[in-house]
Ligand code: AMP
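Before any questions on how it binds or moves, here is one chain, the form predicted alone, in structure tokens.
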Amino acid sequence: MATTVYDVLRRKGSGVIAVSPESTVFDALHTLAENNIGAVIVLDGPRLVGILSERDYARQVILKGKASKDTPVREIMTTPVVCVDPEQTIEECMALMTDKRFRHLPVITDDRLLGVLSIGDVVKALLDEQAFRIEQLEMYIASGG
């Protein structure tokens, strides 16, 4: 049985680190550093409006000569945000992340943010799934099939 997004969120937890679109990029970077994460969700109240990554900062602030203390998150965040459903498989997430070159995928159901998957979460889930399958095959072979 394929591992779903819901399975991963259930194991890792659904805590989400978020900032407002009106926050300064400097404050958002501070949030990234404090939490040792590479991207932060941008919420306008309960509504997902964007995602801000270190890549956005490098391309939209540093390379354009903007000042992070003067630039609001809304000016550089990635929008619209590609999201996944909790019923999608980890394989589907990996394909989407690889194709679109994303490292973070918000999980949404009924317009409600449930959590965020990182590329690390997806890789770990895939490795765990493969290890389980290998173990099952080894037990089958050892039992004489």
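Only a predicted model underlies this, so the values are computations on that prediction, with no experimental measurement involved. Numbering starts at 1 and follows the sequence shown.
Quick note: we don't show the form predicted together with this ligand, though the next part is all about it.
With the partner omitted here, the residue from Val81, Leu114, Ile37, Met94 that has a non-hydrogen atom within 4.5 angstroms of this ligand in the model of the complex is Val81. Contact check for Arg55: a non-hydrogen atom falls within 4.5 Å of this ligand in the model of the complex.
Looking at Arg47, you'd find every heavy atom of it more than 4.5 angstroms from this ligand in the model of the complex. Residue contact check for Leu32: none of its heavy atoms lie within 4.5 Å of this ligand in the model of the complex. This ligand is not drawn, but in the model of the complex it has no heavy atom within 4.5 Å of Ala28. Taking this ligand as positioned in the model of the complex, the residues of 82 to 121 that bring a heavy atom within 4.5 Å of it are, in sequence order, Val82, Arg101, Phe102, Arg103, His104, Leu105, Pro106.
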